[in-house]
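First, one chain by itself in structure tokens, the form predicted on its own.
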Amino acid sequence: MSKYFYIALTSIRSRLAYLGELGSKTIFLFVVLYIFLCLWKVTYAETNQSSLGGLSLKQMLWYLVVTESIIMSLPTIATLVDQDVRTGALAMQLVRPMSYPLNMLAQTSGERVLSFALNFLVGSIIALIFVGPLDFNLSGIAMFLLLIPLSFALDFTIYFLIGLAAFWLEDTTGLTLIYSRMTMILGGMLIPLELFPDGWQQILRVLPFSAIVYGPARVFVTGDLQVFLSVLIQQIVAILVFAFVIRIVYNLALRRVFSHGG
């Protein structure tokens, strides 16, 4: 596994060479968080409530810091796989003494960890300026640090499957767009699941989107042990299921590579 670790480190170093691009994303994050802060301030004031969905205004902004950091740190996983398939570069990857899925996981994970860390740092500064520090507890931080890498891994498995669809589809851009928007809306990026209609909440909690975005963010701001255990089990089960599906689809895809001679 050491080679995959070095691939991740190499990915981080390569991303550090493009600080301008990373800086532009953090500026966009600042604008987004400021807009949502203003919107939520009005919402809390108009409803005359100190808590919505079990979160205070301070917790809501910190919740948005985490969810926005998760979404905005996403590397172009499906696009990379799509390009490797359509350009034939995948054939070159297959002769290397390593697993292509694990290689892609290491490569994109390094990029995502760096991007998430920078986004979270900028978001935390914004939150500190506008609403002050959150009442952290060590157990909540520890639970969050366990959930966030599993969130990234689960997100990777789904995007990797979308990329593999390039073996049968002309272009996977549409699928990528649909999935990303579903993650934003149904995953609780903008609105915690508790603010959805009651009938929808139970459905959304069992979908993988909530385990990617909502779960880690909710645990970070509340330190809720019950939510942590529920999301942890959901993440592990979903990763195993999607990993199994990847193995089946990947093996089917390799047959198409060999049948077409490269």
Partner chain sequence: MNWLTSYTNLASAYIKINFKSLLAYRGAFISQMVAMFINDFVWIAFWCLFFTRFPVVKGWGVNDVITLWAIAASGFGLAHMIMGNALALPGIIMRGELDSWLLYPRAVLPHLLLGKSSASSWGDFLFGIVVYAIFVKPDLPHFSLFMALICSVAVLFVGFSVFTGSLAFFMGSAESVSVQLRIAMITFSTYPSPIFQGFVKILLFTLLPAMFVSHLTVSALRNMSMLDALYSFGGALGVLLAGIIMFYVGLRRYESGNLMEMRG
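Positions refer to the first chain, counted from 1. Worth saying up front: this structure is predicted, and the values here are computed from it rather than measured.
Only in words, not in the display: the form predicted in complex with its partner chain, which the text now covers.
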Report task. From the candidate stretches 106 to 114, 131 to 139, 181 to 189, 147 to 155, select the single one in contact with its partner chain in the predicted bound form, where contact means a heavy atom within 4.5 Å. Result -> 181 to 189
Requested in this report: Using the partner position in the predicted bound form, report whether M98 sits within 4.5 Å of its partner chain, counting heavy atoms only.
Outcome: no
Requested in this report: Look up in the predicted bound form whether Q201 has a non-hydrogen atom within 4.5 angstroms of its partner chain, and give yes or no.
Outcome: yes
Query raised in the report: Can any non-hydrogen atom of V237 be found within 4.5 angstroms of its partner chain in the predicted bound form?
Result: no
Requested in this report: Report yes if any heavy atom of L57 sits within 4.5 Å of a heavy atom of its partner chain in the predicted bound form; otherwise report no.
Outcome: no
**Report entry** Check all three, F228, L232 and F242, heavy atom within 4.5 Å of its partner chain in the predicted bound form
**Finding:** no
Report task. Pull the contact list for 51 to 87: residues with a heavy atom within 4.5 Å of its partner chain in the predicted bound form, in sequence order. Result -> L52
